[in-house]
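Considered here are two forms of the same protein chain, supplied as structure tokens in two stand-alone entries, structure 1 and structure 2.
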Structure 1
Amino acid sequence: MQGITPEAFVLGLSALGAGIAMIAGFGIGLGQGIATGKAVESIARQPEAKGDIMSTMFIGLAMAETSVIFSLVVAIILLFANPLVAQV
């Protein structure tokens, strides 16, 4: 490899890694969509239970969100506070 400094190489690969980490958003989008759809179905079937369904759904969405939040933190660390560049 000519013309590429080690820092630039590590930074570029880190940016790629941040992008790959956010692929986790695919799964969470699918999951939250299904959960919200089911919640809407049950509200339509039983409108008087709307409050309970909504709060349970929010808890479930927040729980499901955890994985993608972790990958977001990984991506943010790779982009803004990269620990790998210092080791080059």
Structure 2
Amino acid sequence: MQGITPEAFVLGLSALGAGIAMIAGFGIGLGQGIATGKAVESIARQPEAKGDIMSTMFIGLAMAETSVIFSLVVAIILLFANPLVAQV
């Protein structure tokens, strides 16, 4: 009976780490939906503050979106250009 090679172990954990990194997309999407809904509610209550509300919302959404982009980059690096395999 043959055991798991160290390279296969690192690749398996890298795939698991990439999957966990992509869970960030779910949370960020949920948060962006809530933020947009609250912005629409506040514009409905105060239409004269539309510009301030929209600009603040867009800045917040852009900052939240960078988290998803970083987690996507980490997942792609772990799956395709895995630097950890060379150390095994």
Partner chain sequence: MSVGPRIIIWFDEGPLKGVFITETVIWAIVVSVAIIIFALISTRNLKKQPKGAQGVAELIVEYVYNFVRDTMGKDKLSFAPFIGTIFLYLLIANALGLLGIRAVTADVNMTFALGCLIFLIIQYNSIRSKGMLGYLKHFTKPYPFMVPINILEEVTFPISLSFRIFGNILAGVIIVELAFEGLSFLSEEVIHLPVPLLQAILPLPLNAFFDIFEPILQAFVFSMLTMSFIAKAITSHDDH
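Structure 1 provides the reference sequence; residues are numbered from 1 along it. Everything numeric here is computed off the predicted structure, so don't read it as measured data.
Participant: Between the pair I just shared, point out the form predicted on its own.
Facilitator: Answer to the question: structure 2 is the form predicted on its own, whereas structure 1 comes from elsewhere.
Participant: Of the two rigid parts seen between the two structures, do residue 11 and residue 41 share one?
Facilitator: In the two-part motion between the two structures, residue 11 and residue 41 are assigned to different rigid parts.
Participant: Give the rotation angle, in whole degrees, of the smaller rigid part relative to the larger one between the two structures, based on C-alpha superpositions.
Facilitator: In whole degrees, the smaller rigid segment turns 26.
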